[in-house]
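Just one chain is shown here, as structure tokens, and it is the form predicted alone.
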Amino acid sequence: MKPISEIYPLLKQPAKAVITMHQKPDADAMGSALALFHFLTKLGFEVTVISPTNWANWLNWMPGCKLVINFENNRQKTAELLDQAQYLFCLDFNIFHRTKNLAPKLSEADCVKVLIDHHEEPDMASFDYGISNAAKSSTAEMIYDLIVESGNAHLIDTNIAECIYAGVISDTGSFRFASTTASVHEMVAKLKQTGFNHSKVYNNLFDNFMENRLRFIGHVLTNRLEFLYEYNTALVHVSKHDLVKYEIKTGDTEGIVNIPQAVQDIKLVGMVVDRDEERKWSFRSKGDFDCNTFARKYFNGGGHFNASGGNSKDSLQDTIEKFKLAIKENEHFLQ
């Protein structure tokens, strides 16, 4: 994989490009993709954004989101677009299988493939150009870097600023995570000069849910949260029945895993949601517990040092038991 800087001169020649991100995209994945979409469009590119799956309704406010194609609902059109693409930009994932059923299409695509991501252990052999920097706060920040370092900072407008800011505040926990460096704040100061309304972005991301989600969270915290103080760990487990009862949709469980971190001495939080095809895990830690290694070792996952995800084909009860055995094995890291 060649350095991302080597693609900058190529951006002067408009071409057909496809941008994609990981399945069930969050604010960083969608925000970085749409920021890049607006930027490349300004350069004269013919650009299409493709999501491997559906996404949360509370992302629909983002400028350009209505143009994003859902692969699961438009497989033939997606195949045609990838066949025609001269560039494929892969954002916020480090290996094709994180795009679920879209992965084979991406692997087969005969075009220049570019990786922009901040997760550990990227599959660099699958990309022609790219950058993978786990120290970055978000992929959205990396899109900002690309725009500035390619000499196009003057093209950043309110649409691009909103999309970048959305990704950054989401992945930094509203600037509280350790990945929030001085350069992140400097970037936000530059973005504010475009005149975008940061309060509107925050409200759209965090104050834009239905009543059922609030009642669902109350139910989860009352009945589905277990504290394992001997391991300084909290466990949240959501059943399929819970999802149906409260009419939970994509994105409605976002952020719940962070809530138990507010409890004193809790170093690790594991949250598992019982989906139809698998059990989805989210892990969050404070301090020196490595969520990335933990998720890779026990739950076919990965991510960042203090935030990662995984999955299991086991039943809900079996995967919960596996989690409890895993934290027992890692007891010395959790003290």
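Treat the numbers as computed from the prediction; the structure is a model and nothing was measured. All residue numbers are counted from 1 along the displayed sequence.
Below: the form predicted together with a small molecule, not depicted.
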Worksheet item: Looking at 66-74, 262-270, 281-289, 42-50, which lies within 4.5 angstroms of the small molecule in the model of the complex, counting heavy atoms?
Response: 281-289
Item to complete: May I ask you to state whether Lys136 is within 4.5 Å of the small molecule in the model of the complex, using heavy atom distances?
Response: no
Discussion item. Test of understanding: in the model of the complex, would Ala307 fall inside 4.5 Å of the small molecule by heavy atoms?
Written reply: yes
Worksheet entry | Contact of His119 with the small molecule in the model of the complex (heavy atom, 4.5 Å) | yes
